[in-house]
Structure formats: C-alpha cells, structure tokens
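Quick heads-up: it's one chain on its own, the form predicted on its own, in structure tokens.
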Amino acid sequence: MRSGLVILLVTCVAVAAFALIVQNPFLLDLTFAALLYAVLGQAWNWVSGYAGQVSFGHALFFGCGAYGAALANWHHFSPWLGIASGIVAAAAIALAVGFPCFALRGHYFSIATIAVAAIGEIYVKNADWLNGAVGIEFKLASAGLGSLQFTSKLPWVFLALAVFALVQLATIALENSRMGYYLRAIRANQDAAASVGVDARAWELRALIASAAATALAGSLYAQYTLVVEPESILALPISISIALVGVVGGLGQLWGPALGALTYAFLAKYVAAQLGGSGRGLDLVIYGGLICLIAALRPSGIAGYVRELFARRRLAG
C-alpha cells in the first residue's frame, strides 16, 4: 500500500510539473485525454478487472455525467450541481440494471450491458428534453471554477489530475479492503466464493455503482471541456469499447494497468493521428488494434503485468 501511495505522489508531481513547464496546448490536450482515459479505465477495472464481469456498456454512465453537466448549463444551474446530478443518475441506473444483469455471467453479462447501453442511446436520441440527436451546445460564461470554463487548458489538466488521484486512491483502498478480496475471489471462482458466504451479486453491485459514479464524473469533465454533447460522441458503443480496451491493454485487475493503457491509447489516438494527418486516417486504430492482438497473444497480463515481470526478474538477477 505504501509503495502505491509513493508512486501515485511521484506521478502526480511529475504530471503537474510537466504541465506547468510545457504550456503547449496540444501536449496539454494530450495529457488531459490520458488522465481522463486513466480514470475511465480504472473505473471500468473495478468491475471488469477485479470482479471479472466484463462490461461493454460504460458509455451509458459516461453519458449520464455528460448530459448532467449539459443540462445544468442549458438551464443556468451551477456546473457543480450538474456534475452531482450526473453522478447520482449514473449510480441509480447502475443499481437498477446491475441487479438483474449480475444474475448473468461471462459473455451473457457482456451482451446484456451492450443491450442496456444501446437502449439508453436510442432513448436519448428520441428525447426532446435532451434535444434528441442534435445534442446540446454549452452556453459560454465567464472563465473560472464557478462556471468550469477556462481560457487555458492548464486548469483542465489539474482538474483531471485531481480526479485521477482520487480514483487511484480509491483503488489502493479497494485492493487492501475486504471488498477487494471478495471481488478477486468472485473473479477466481464465483461458486467457491458463494460456498464460503460471499454474496457475489451484492459485492458486484457495489463495485458497479462506484464504477458508474466515477465514469459519470469523467463524463462531466469531458462535456465541460468540449462544450458540446451529442449521443453519437457520448453514448455510442465505440466509447464503451475504448474504455474497455484501455483496461485490457494496461492490465486487468492491476492498480497501474489502466493508467499505462490510457497513456498508450491517448498517444495513439491523439499524437499519432495528428502526425499522420488526413492521409493516415484510421491508421492509429490499426496500430492500436495490432497492439491489442500482440498483448493478448504474448502478454495477457497487459503492459502493467509485463512491467511487473521485468522488475521481478531484476530482483532475482540482483
């Protein structure tokens, strides 16, 4: 636990120093994207990595946070109230859909999450009070924490870094708690865990509610950052897949797996795509897809697992 806290502190200081020194809008945008995906990947990891129930419906929770922020702006409420309402809505939906879905296992659960997210997307596209398929554009306000609108990207990096640190702290606490041990036991063998009194559905539901809340928080930040919310860019299946891929590439059920996966994904999605330009459109996805295939074939434990193996070998060699 102590080593995890030290690494987290060093990481946060390094990212903050990088952002203050660089002051480059593109690199700050890349840093924000990496931190945001690290939060999303870690939130997904709580359910799919530690509990072993692979979800492809987290875009629904992401959308709750985004639309909560958008509606607050639309109706002239505080953005902080919008963030809170988005988190509450995501947690309520997780409770409502999680209870029946956790009666399923394996790919049946995954298919159920896809269906639930698709229903949510269809509903939003046809909901007049959410402006349907057109989406919602934010109204501009004076810059500051009160409006959560800024003239520079630097404050966004620090906000994302704060949320990242909060989620990592929660994961460190999870790994060393009864809940963490129960979730890992459920992932290893749900029937065996049930035989010693572990209520799998109840603990999985707790993990999903926490995961939904963290995902909604990231969705709210994203919406405030881009100042536009559309069903296609917020609730579509590719969003859920991207979140899942961050966790898979980084390493399932590992503290630093999502952060490493997010760094890789943000680099390919932002930097490589920008460098390739229009002539290389889609090539970044091909590279990322190839990377996933290589990791699945050669390093199923992900990037974090590979890094851990390297350190273990050095200790043995020394």
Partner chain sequence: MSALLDVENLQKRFGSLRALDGFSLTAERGKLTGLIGPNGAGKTTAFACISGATKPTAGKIVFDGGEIEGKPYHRVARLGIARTYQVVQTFAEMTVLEAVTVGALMRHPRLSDARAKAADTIEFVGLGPKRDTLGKSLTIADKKRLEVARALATEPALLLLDEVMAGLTPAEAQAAVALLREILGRGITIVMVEHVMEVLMPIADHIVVLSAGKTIFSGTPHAAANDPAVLEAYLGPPIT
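Remember, it's a predicted structure, so these values are computed and weren't measured experimentally. Numbering follows the first chain given and starts at 1.
Keep in mind the form predicted together with its partner chain is missing from the figure; the text below concerns it.
Original post:
Is D191 close enough to touch its partner chain in the predicted bound form, meaning at least one heavy atom pair within 4.5 Å?
Top reply: D191 belongs to the contact set for its partner chain.
ask   = How about R178: is it within 4.5 Å of its partner chain in the predicted bound form, going by heavy atoms?
value = Yes, R178 lies within 4.5 Å of its partner chain in the predicted bound form.
| query | Is the gap between R206 and its partner chain in the predicted bound form 4.5 Å or less for some heavy atom pair? | reply | Flag for R206 set to no.
Next item on the list: Verify the contact flag for V198: yes if a non-hydrogen atom of it lies within 4.5 Å of a non-hydrogen atom of its partner chain in the predicted bound form, no if not.
Entry: So V198 counts as contacting its partner chain.
Tell me, which of I93, L154, L71, A185 has a heavy atom within 4.5 angstroms of its partner chain in the predicted bound form? Contact residue from the list: A185.
Which of these stretches, 160-168, 198-206, 215-223, 142-150, has heavy atoms within 4.5 Å of its partner chain in the predicted bound form?
Stretch with heavy atoms near the partner: 198-206.
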